[in-house]
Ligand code: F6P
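In the form predicted on its own, a lone chain appears below as C-alpha cells.
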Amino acid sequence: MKRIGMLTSGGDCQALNAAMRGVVKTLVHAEEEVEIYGFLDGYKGLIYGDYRMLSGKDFSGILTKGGTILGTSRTPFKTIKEPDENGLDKVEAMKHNYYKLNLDCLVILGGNGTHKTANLLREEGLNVVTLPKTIDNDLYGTDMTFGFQSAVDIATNAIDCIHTTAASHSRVFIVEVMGHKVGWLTLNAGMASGADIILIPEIPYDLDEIIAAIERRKKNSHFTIIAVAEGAISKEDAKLSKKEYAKKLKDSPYPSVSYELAAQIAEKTGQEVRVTVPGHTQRGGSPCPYDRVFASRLGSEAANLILKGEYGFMVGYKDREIVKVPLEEVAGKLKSVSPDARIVQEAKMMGICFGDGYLAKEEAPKAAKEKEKSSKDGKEKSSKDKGKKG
C-alpha cells in the first residue's frame, strides 16, 4: 500500500484541483492500493497535524473547479526554521507528522517559496514530489506553470473590455496586472489584448518615453491602453536600495505604481487617465481547457514517479515535454523575463513601448541595412577570393 500526503501551499490558482485529481486517478488506475492524507491549509496542516483522509470520491467532479479543496496559506520560507509563538520547531513537527502517518511520499503543489520548503524537507530525508503552480510562470526549471494560462485569459479579457470604454471617452487607460517580481503575465496579456504600452518589473521605465509613446499614439488614435505589472518600476526608483524603495512605497500617497503613473501622465499630457485593477479575479474561477489538460498531465507524471519510487523531483515542462527536474535545481531560483528575450523584441518590432527608449521603427530598418551590408561585403569578399584563385 502507498500512503501519500498531499498539500497545496502559497497563493491559490486555477487547476490545483485538476493536478491533484491527475495524481489520484493515475494511482487508482494503476490498481495501486493507496491512502491519501490531505493536509489542510498548506504547510500549516503538515506542521500542526491538521489533515483528513481522502477517497476517490473527493477527487470526482473537481477537474473544472477553481481554488483548492484542501485550502492553502502562505508559510514564508524565511521563517520556516524559526519556532512558532509556542516554541514549536516547525521543521521537526513536519517530519514528525510525516513519520507518524507512515507516509511513502509527500505531493506538494506550489510556487517559489513552496519549493524552497519542499527542497528543505527533501534534505531532511523525506520523500517529496512537487508540481509547479503559479499564475506568474516564474518558477525555474519549467517552461510553464499551471494557472498561468488561465490568468492570462482573465487579464486579457479585462484589457479587451477596457478598449471600448477607452475609445468612447478618448482616455488613457492603465490596467494593473498581477506580478510583483516578474512580468510574464503582463507581457502575454498585454500582447494578446493589443496594449500599446507594456511595463514589467524587469525593464525599468522612463516616464518621458511613455509620454512620447502616448503622443505618437495620438497621431493615429485618440486613446491609449497601458498594461502595467504591479511590480513595474521607474528607472529612478530602480536605482534606490531595497530599503529606500520600501520606504518610498510606504510613504507614497498612491496605492500602487499604476495610480502614481496615472497622475504623472495626466499632469504631463492633460489627458484623462483611468486605472483598472482586475486583482484577485486573475487567480479565480475555473481553469481554462489548456490548464485542465496541462495540470492533469503533470499530476499523472507525479503519480508515475511515485509508482517507480523516484523522489526529490519537480514535474516540469521543457521543450513541450513533461520532465522531472531535481528539486535542488529549482529551489531559490526565479525565472524572469529577459529584456533581450525574443518575445520582447518581437513586441517592440510591432511598435509596443516598454518605456525603455527602444524604438522598433528606427532600429528595425537599421538592423536590416546592417544585415544587407554584411551580406554584400561577404559576396564581394567571396568574389575577390575567387579572382585570386583564378
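Residue positions are given as counts along the sequence shown, with the first one as 1. Here the structure is a predicted model, which means the values were calculated and not measured.
One more form of this protein should be noted, the form predicted together with this ligand, which is absent from this view; the next part is about it.
This ligand is not drawn, but in the predicted complex it has a heavy atom within 4.5 Å of Gly179. Proximity of Ser150 to this ligand in the predicted complex falls outside the 4.5 Å heavy atom cutoff. Heavy atoms of Ile135 reach within 4.5 Å of this ligand in the predicted complex, making it an interface residue. Interface membership of Asp104, defined by any non-hydrogen atom within 4.5 Å of this ligand in the predicted complex, is ruled out. Taken together, Arg74, Glu230 and His280 are fully in contact with this ligand in the predicted complex: each brings a heavy atom within 4.5 Å. Contact with this ligand, judged by heavy atoms within 4.5 Å in the predicted complex, is confined among 247 to 255, 265 to 273, 171 to 179, 86 to 94 to 171 to 179.
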